[in-house]
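The chain below stands alone and is given in structure tokens; this is the form predicted on its own.
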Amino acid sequence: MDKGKLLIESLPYIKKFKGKTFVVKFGGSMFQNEILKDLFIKDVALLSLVGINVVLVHGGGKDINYYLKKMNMEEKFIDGYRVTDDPSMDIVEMVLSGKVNKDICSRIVNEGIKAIGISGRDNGLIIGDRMNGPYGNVGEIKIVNTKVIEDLLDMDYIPVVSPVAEDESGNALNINGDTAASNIASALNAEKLILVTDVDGLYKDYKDKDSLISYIDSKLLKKLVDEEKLSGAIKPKAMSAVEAVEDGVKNVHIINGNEAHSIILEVFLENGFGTMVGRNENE
């Protein structure tokens, strides 16, 4: 009976979101847990099967760290961004666009869903400039050319995007995965941007697990970012959420991928699972 009630509760949301576009970004420790990774892929397959257009943007930080260590190369982060010199840029692109991207595509195809892996460098999908500051080849996005994604969606493929871009001279840039997903969602006028991470969402006080924020409007979240009340790896996620909502994405969800089926529970049930960011308090 409980399972039946859950299915009935999800029906209005399945109807509501059929034909809509969701951009989903995932990474973190899920990459290291084969069970969670497979469950996540099944959730993505379910979204596709009920008629939602899914665009998947992935990270791969732990895999990058592993190969940097094998090459005796330093890993360094500032403000949540990976400092990327020329040699480490080669590793970043190799791991993201090669190893990680193809593994994800293979897993989706094994669920009977069509998927194609692309890089932000393919067909000029993402064009950017180097970010000002001590970040090396970390890029800021200038243009997202969505035609290749739209063409794949029209053919019922799930585009799987690695967040590597290039500048106007063709030089590779390392793009924060949340930033890439936010910009792609905005360019596609997506219904939802879903950031799957290692934490349950945003907290009023990270030391108090009962202070999870289930809903916050973009103006208040921007204020928290501007006042430096959010820091570390969560800061780029919060900034990405604000930018996406301000650019027309209806809602952004920040959820914990370490909980099985969190994406399904967040999207299809009345009481969500993580933090939802909207345009105003009444939305």
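Start at 1 with the first residue shown and count on from there. Bear in mind the structure is a predicted one, so any value in this text is a computation, not a measurement.
One more form of this protein, predicted in complex with a further copy of the same chain, exists but is not displayed; see below.
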For this session: Although a further copy of the same chain is absent from this view, report whether residue 46 comes within 4.5 Å of it in the model of the complex, heavy atoms only.
Result: yes
Exercise. Is there a heavy atom of residue 51 no more than 4.5 Å from a heavy atom of a further copy of the same chain in the model of the complex?
Worked result: yes
Exercise. Any chance residue 235 has a heavy atom within 4.5 Å of a further copy of the same chain in the model of the complex?
Worked result: no
Exercise. Within a 4.5 Å heavy atom cut-off, is residue 147 in contact with a further copy of the same chain in the model of the complex?
Worked result: yes
Exercise. Within 4.5 Å of a further copy of the same chain in the model of the complex, do we find a heavy atom from each of 116, 260 and 269?
Worked result: yes
Exercise. Any idea which of 195 to 203, 102 to 110, 136 to 144, 180 to 188 reaches within 4.5 Å of a further copy of the same chain in the model of the complex, heavy atoms considered?
Worked result: 102 to 110
For this session: Taking only heavy atoms into account, state which residues of 2 to 19 are within 4.5 Å of a further copy of the same chain in the model of the complex, ordered by sequence.
Result: 3, 4, 5, 6, 7, 8, 9, 10, 11, 14, 15, 18
